[in-house]
Ligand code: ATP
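For reference, the chain that follows is the form predicted on its own, supplied as structure tokens.
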Amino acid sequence: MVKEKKSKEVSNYDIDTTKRTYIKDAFSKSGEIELYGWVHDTRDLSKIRFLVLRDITGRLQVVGIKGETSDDIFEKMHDVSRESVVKIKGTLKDSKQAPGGKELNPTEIEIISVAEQPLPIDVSDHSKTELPKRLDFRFLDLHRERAQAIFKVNNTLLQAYREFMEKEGAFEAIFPSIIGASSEGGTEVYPVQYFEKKALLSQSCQLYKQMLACSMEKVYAVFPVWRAEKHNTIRHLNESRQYDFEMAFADDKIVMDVLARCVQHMVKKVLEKHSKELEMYDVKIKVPDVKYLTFHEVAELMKKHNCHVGKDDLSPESERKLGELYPDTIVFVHDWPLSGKPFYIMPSDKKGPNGEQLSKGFDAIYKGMEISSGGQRIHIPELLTQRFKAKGMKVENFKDYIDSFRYGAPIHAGWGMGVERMTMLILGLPNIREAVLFPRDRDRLTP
């Protein structure tokens, strides 16, 4: 730890980074360079001292030798604490022993910010700190390269999604998060006081993206959703984000194809950019294939494997089994029973084997878990009103939504896909909270 008497050596706020070299670029340079970063590790062999400097691009070994390195710098290399922020000037030197074949002989070390010791969590690459404690100190947990890798992959997935949608000719939209009535029907909601009225935090941008698709034809969004369900599972959050898409002049089959191509593009981009991160998590993925099965076909298949399937829903067990039977495949389960779908899903003219009404709704299963739900929407006001009543919902709460289809509404369809869930599945994370910067669940409201 930095001694009290040396606190005056901590830098002021006037840092000039115009001459900064990022560590990933240092390995292709020679001569004197200037680095900024965090002290990842230190090692003292009495006459030789090692310091590993880390920035967002990588790590570089800094070596001080007693008698060759100035006494002041040699002393700082002993005193500076792990995770402190420093500026280091020095001369690059080829070294067969150093990781990457380069090391830095320091000529100046400036301490910008001291990290207090002891650190409250283990910030090593293979942290032994349990997830709840790491989330309590998430701002420090994010110093870990493994934690950063998750959000580098997440960033690529977001960029790839937007890239794909732009090539499809879709418009990105921003929708309200405060709404007057439940957008999903039965899902628990968070009430908020909105001046003199009662309002809700949005469970989905469903109603708004439909309205927009009926004029702009193809729309997409990355949208935050809130669901007040009292669960504590490894796959659910109470605040999450969705990739949303809606398309006019389309049915369920058309948007299933869009979803398949979108996921394939996203996975392809991760493979192109993140071999290091995938290796870090010991993950081997490939661009997925596509499989289409009716709900009835899945139910019959699950009977053979003694997996439970409800009359209008799939169990987590059956989703996992589909992942085992069809690895590296997006399995579209379509012709879903109408009773298992929200009010806005279009009824089908098909009947199930027991005479049950089917719908033009679907789920997409990937790596043993549902990643998306979607389908063709109801664009006929009278039919939509019937569905509200059938679900026991108050029609008057949705007047604007129903009215939006009275003035020239085309058939349309779409889907939503979990942002965090996709990241979780791509990297094989055991808990979805790992894929959220600052997760919100039933028990966690900080940091």
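Only a predicted model underlies this, so the values are computations on that prediction, with no experimental measurement involved. Residues carry their position along the shown sequence, with the first being 1.
Keep in mind the form predicted together with the ligand is missing from the figure; the text below concerns it.
Judged against the ligand in the predicted complex with a 4.5 angstroms heavy atom cut-off, the residues 37, 81 and 86 are out of contact without exception. Per the 4.5 Å heavy atom criterion, the ligand in the predicted complex is contacted by stretch 223 to 231, the sole one of 223 to 231, 322 to 330, 270 to 278, 300 to 308.
Of the candidates 133, 350, 261, 235, 235 is the one whose heavy atoms come within 4.5 Å of the ligand in the predicted complex; the others do not. Checking 182, 129, 156, 240 against the ligand in the predicted complex, a heavy atom within 4.5 Å turns up for just one residue: 240. Residue contact with the ligand in the predicted complex: residue 64 places no heavy atom within 4.5 Å of it. In the predicted complex, the ligand lies within 4.5 Å of some heavy atom of residue 370. Heavy atoms of residue 421 reach within 4.5 Å of the ligand in the predicted complex, making it an interface residue. In the predicted complex, none of the heavy atoms of residue 58 sits within 4.5 Å of a heavy atom of the ligand. Contacts between 408 to 447 and the ligand, taken as any heavy atom within 4.5 Å in the predicted complex, involve 416, 417, 418, 421, 432.
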